[in-house]
Each structure stands twice: as structure tokens, then as C-alpha cells.
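A single chain, nothing else alongside it, follows as C-alpha cells in the form predicted on its own.
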Amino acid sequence: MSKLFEIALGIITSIGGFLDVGAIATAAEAGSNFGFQLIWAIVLGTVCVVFLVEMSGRLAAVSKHTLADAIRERFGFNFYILPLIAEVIVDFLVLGAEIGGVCIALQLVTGVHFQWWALPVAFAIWLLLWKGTFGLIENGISLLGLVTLGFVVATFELRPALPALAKGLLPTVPHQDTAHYLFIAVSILGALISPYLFYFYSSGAVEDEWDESDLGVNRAVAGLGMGFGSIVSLGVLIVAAQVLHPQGIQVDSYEQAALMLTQTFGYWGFILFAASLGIACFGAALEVNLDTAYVTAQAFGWNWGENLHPKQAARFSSVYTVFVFLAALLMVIGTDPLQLTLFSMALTAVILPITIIPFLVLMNDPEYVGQHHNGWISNGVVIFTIALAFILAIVAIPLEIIGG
């Protein structure tokens, strides 16, 4: 019974925690600009991330190593330094974008410009990390993220045509605005196949002291949790396609995106959008900030753990303390949150190859996973994702310049 409860809680919190500023921004822009045409990108990204998250949890449960620990130990620190630097840079930009999402949500509700909210939001994030436990971060905040299911409710209320939805499952390149279409596709994949998810998930499994008896829980949480979470992303895209696209409204700011739910819920749709954006981004900001402290501490062999008192892991705590306030400065100086989000998602796509390649080695190494090594299907998905990651890495920045 306890395992069933753990699975149910894991799935629920995965739904609440899956949607972040990247998923909201890219899905809203995709739907408002191209209707249902980019549904395939969300589905493809979800399949890849389900397999990779499951692998990171399996690695942690069997080997008692986080992904960062295993990469450093198996390949050496000199190899790991490049993924570490890349991850820290991208985490910094993503954290700034997540803080920006919370600030925009507060601006929508209060009318106070988002820049004024940056430091108070950063302080709230830091205080929760300083005083909270991993369980609070993982479950408590993510549970609040279930408010994002309002997008799924709106989807059913709007009753999109099923043939049109099915057509969106097949990749098609439009004759006009092709570069922007491809840029958004790359950004969606970067938002969904985000390296911080793997590092954070494996670190969380070690914090929760998973072992081989938790492999079933891991499979259920990774598959069902991420799968159901992607339904919310699809809901954002579909609602934007149904409400904004017919009116020719292209999402260039979060204020425009806030109109998505008003057709279904009236004025309360505006409030629901602000609540969804704020809570989803706040939860993701906690995880991204914590992830940065995880990978840094694990790289240098420091004490780490959200369940430890800050004095017991002083350098670990110092990393997330400094990091969150530096990231908040991106909003203080007036950086556009939506543009920062789209850029950071494209940059995430650039660093994917160096993050995913180690999976192929680690998940087939008997010293780490023993008899729980990858089968041919899992290896096939990793190889496909590596190939996809190389393509994304090559085209992301040119598409950012041409079509972003």
C-alpha cells in the first residue's frame, strides 16, 4: 500500500512539476503562431524525457550514485567539467526566466511592474530552500502546480476537432515563417528534454534513499507522471491554437498569453492563468536552483542534501544562495522574461549531446546498474535522442538568429 501511495504521489507531483516557464512559453507561442502543427514536438520530447528520467532514477536506485556522481566517477573530472559548466550556465538563464515568470504573474495580478518583484521572489525561493526539506520542495510546491490542469479543462470545453489534432502529430513544415516554426520546435524539445530534470531526479532519488525495490515506483513515476504532465503542455498549445490563433494574436508577451483562458472561464481565466504561471514557475525555480547546488557540490565532492541543515552542507547551501540572487538581477535590469525563456530553451538544446551521451555508457555498465542494464529499446531511444540532440545543437543558434 505504501508503494501505491508513493506512486500516486509521485505521479501527481510530476504533473504539477512538469510544467515550467519553458513549457508554457513554447507551447503558447507554438499554438498561437502555428495552430496544432507542433503537437508532434511535444509528443516526441515527452517520449524521450520519459526514458531518460526513468534511466536516471534507475541508475540512482541501483548504484546509489546521482547522475553527476556517476559521470564524474566513470569518465573523470576533466570530462565532467564541460557538462558542469554548460549545465550551470543554462541553469542560471533558466532560473532567471523562472523568476521572471513568477514576477510577471504578480504583475498581472497587482499591476506592479515585474522588475520590482524580482528580489522578493528570489528571497522567497532562498528562504524555502534554507528552511525546507526535499519532501516539501518535491511534493508540497508541486501539488500546488495542479492548478495548471485548468488548461486541460479548457481544452475539453473548447472541443477541438480530433482530425485537426491528429494531423498535428505528423511533422509538417509550413511554407511561410519556416525559420520561426523550426525555432519553436527546437525550443519545445529543449524545454522538455531538459538536463536539469535528469540531474534533479537522480539527486532526489538518492535523497529519498531509493534502492532496487523502488524500481517499479521509478518506472511508474517517470512514465505516468511525465506522460500526464505533458498533457498539460498539450493543453496550453491547444488552448492557444483555439483561442489566439484564429484572432491572429501571436504570443510576444505573457500579457497576451493571459488571454488564453478568458474565453472559457471569463475574468477568472485571467486569474487562473496568472496563478498557473506563478506557481509553475516558482516550483521550477526551486528545482533549478537546487539542481545547480546539487551538480556543483557533487562535482567537487562536497557535502550536499536539501535534508541536511545548511551548516552541515555549507558550500552546497552557499551555491543556491548566491545563484538565486544573481539570477534575479536578470529581471532587475529589465530583461524580457519571455525572450529570455525562449533563448534559454534553445541554448538547452545546444548542450543536450554532452548530457545524454553518458547515459549510453552508464546504463550498460554492470558496475553501476548490474542486471538492470538497458534493453535494446532503451538503448535505441538513447541513440535516437543523441542523434536528435546533435541536430538540435547544430541548428539551435542559427534558428535563434534567423527565426527567433
Partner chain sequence: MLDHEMSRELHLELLLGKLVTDSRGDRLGRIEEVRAEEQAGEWVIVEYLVGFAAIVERLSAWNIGTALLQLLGARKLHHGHCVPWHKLDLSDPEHPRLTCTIAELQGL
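All figures in this text were calculated on a predicted structure; none of them were measured in a lab. Positions refer to the first chain, counted from 1.
Just so it is clear, the following notes concern the form predicted in complex with its partner chain, a form of the same protein that is not shown.
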Taking heavy atoms only, is L360 within 4.5 angstroms of its partner chain in the predicted bound form?
-> yes
Report yes if any heavy atom of F92 sits within 4.5 Å of a heavy atom of its partner chain in the predicted bound form; otherwise report no.
-> no
Proximity of N364 to its partner chain in the predicted bound form, heavy atoms at 4.5 Å = yes
For R74, is any heavy atom within 4.5 Å of its partner chain in the predicted bound form, or not?
-> yes
375 to 383, 346 to 354, 36 to 44, 50 to 58: which one contacts its partner chain in the predicted bound form at 4.5 Å, heavy atom to heavy atom?
-> 375 to 383
